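Below, in structure tokens: the form predicted alone, a single chain.
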Amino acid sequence: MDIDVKNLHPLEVRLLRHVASGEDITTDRIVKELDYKVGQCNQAFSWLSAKGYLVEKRRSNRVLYELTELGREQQEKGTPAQRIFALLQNEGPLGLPQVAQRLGLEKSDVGSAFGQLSKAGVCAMTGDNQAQVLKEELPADVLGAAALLKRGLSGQLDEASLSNEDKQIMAKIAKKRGAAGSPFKVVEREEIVYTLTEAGGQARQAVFAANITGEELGAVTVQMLATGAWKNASFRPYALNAPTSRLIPGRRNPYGSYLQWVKDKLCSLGFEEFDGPLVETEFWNGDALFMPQFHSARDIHDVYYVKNASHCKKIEEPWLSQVARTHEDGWTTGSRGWGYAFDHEFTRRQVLRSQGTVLSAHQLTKAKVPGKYFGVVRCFRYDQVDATHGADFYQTEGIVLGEDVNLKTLLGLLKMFAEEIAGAEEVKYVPGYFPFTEPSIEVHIKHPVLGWFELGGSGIFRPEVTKALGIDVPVLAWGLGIDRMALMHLGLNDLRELFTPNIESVRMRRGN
């Protein structure tokens, strides 16, 4: 077998020279015998395994216990139970608050430790709530914990080395998470045992035959030049055939880049961007958009409710009163409303916003006329996740206000989104229904793999929406799924690919 020892790293060379065929090779052994760091061991094992010189023999899980800062303090000063026992022995009965003050311990720690002593019959409370000692010896579990603390000073304790009694004690004083408040921290480690393969044995012989030690130098330093030490040094030969390192340049997430590109494009067209909180009220999520509170139309948005706090304290005026009147009898909008008693408790309920139109409603209360506004907002709606649906998603939402805007203006905007931002070649517009717009239009585009799907909805806000929020001119509105537009623009076939954890896929996919 032809082995190019020049391509071996010093970490690999030293390991090969140190071990023999048939021996167990573990991280602990190499760290101890070759003074490697754990990371260096893992590198050497990985490189040699990739070359076929090492093979995994077996693996096992180990549980280790490591002293925390609290554990070191208790080993030095004594555990709370030991200190309480010694204090009561020396000074007689004391109240537990006094014990905590004298020892500088938390009251909760004193109560827990005294309970341990009391349960063992070593201490008890007198009739006037004074703690006293009943026996002259500490219980076995307290002594056992002290012994484990002392053993822990010498390094990690392997669970396999503990007796059954020690394991029971350790279970009470060790934690895996939040270990700062415990004497011991639980450390779980997977141990892999390697051994040399036949090729590894041949590589070992080749290293010895070439008289390579792994101590060869890879570079000349300024100090070596100044002292002349380089003259007697042994250097690693250049391996001209060795593969070069992979260069991975930094790159923005392609979907993040696409969202920023959309924002830049809309801002360049004179739109102002708006934004808002993820948690909204039923008022802004539906009521302000003339969606009746107890009507099947509300079911088009299956929302996620917030548990704590479930309701906000109040809704801004005069919008609450005007919207409530519009729902009940039409207020001054020229409508008959929905004809029911508006529920002021329901409207304060908090939800995760289910549509970006919430922010359009907010913007109406402070918009300039004429004006153009947009947002790229994250929404949450219970849905079956598939290639074109997600339980949370982004929408590009916007409104255009003005005396002269009309349906033709809206169709022009939709054409821009479908063709220029989504990159669709086939687009169609179909009538739709939304409680807050009339007329309403849905935009559909054709994907080369997924076929036709809806991009989103749009329309002209009804007077019941605009007048109740202080606007008396026509308002164009749209809410389009920007995730779906990104499918076309980035050449993807599944929405889930936009949020993939596969870093290689993200690196290969280029955004704008």
Partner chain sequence: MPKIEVQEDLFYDLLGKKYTDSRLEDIFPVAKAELDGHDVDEKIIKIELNDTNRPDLWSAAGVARQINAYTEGGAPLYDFFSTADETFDSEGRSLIVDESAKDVRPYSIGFAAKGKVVDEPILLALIQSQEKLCWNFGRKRKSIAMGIYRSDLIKYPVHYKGADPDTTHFVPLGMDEDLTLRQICEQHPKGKEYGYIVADKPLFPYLYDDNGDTLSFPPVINSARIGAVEVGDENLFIELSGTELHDLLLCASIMACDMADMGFDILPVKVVFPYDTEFGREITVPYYFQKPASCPLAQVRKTLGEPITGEQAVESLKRMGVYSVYDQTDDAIYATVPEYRNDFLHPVDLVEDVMIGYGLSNFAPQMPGDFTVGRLSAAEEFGRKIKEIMVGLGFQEMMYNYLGSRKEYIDNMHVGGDDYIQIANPMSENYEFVRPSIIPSLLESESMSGHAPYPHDIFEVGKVAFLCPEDNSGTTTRNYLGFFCADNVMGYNEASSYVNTLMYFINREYFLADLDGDTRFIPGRCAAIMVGERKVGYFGEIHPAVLESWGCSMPSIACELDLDLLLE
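Positions refer to the first chain, counted from 1. All of these numbers come straight from a predicted model, not from anything done at the bench.
As for the form predicted in complex with its partner chain, it is not shown, yet the points below apply to it.
Within 4.5 Å of its partner chain in the predicted complex, a heavy atom is found for not a single one of Lys77, Gln116 and Gly200.
Its partner chain in the predicted complex is not approached by Asn232, whose heavy atoms all lie more than 4.5 angstroms from it. Although the partner is absent from this view, Tyr304 contacts its partner chain in the predicted complex, with a non-hydrogen atom inside 4.5 angstroms. Although the partner is absent here, Tyr238 is not a contact residue: none of its heavy atoms lies within 4.5 angstroms of its partner chain in the predicted complex. Taking the partner from elsewhere, Asn308 is found to have a heavy atom lying within 4.5 Å of its partner chain in the predicted complex. In terms of contact with its partner chain in the predicted complex, the residue from Leu148, Val110, Ile441, Val207 that brings a heavy atom within 4.5 Å is Ile441. Checked against its partner chain in the predicted complex, the candidates Val193, Leu413, Leu105, Leu96 yield a single residue with a heavy atom inside 4.5 Å, and that residue is Leu413.
Note on the interface: of 218-226, 131-139, 274-282, 156-164, the segment with non-hydrogen atoms within 4.5 angstroms of its partner chain in the predicted complex is 274-282. In the predicted complex, the residues of 450-472 lying within 4.5 Å of its partner chain by at least one heavy atom are, in order, Ile460, Arg462, Pro463, Glu464.
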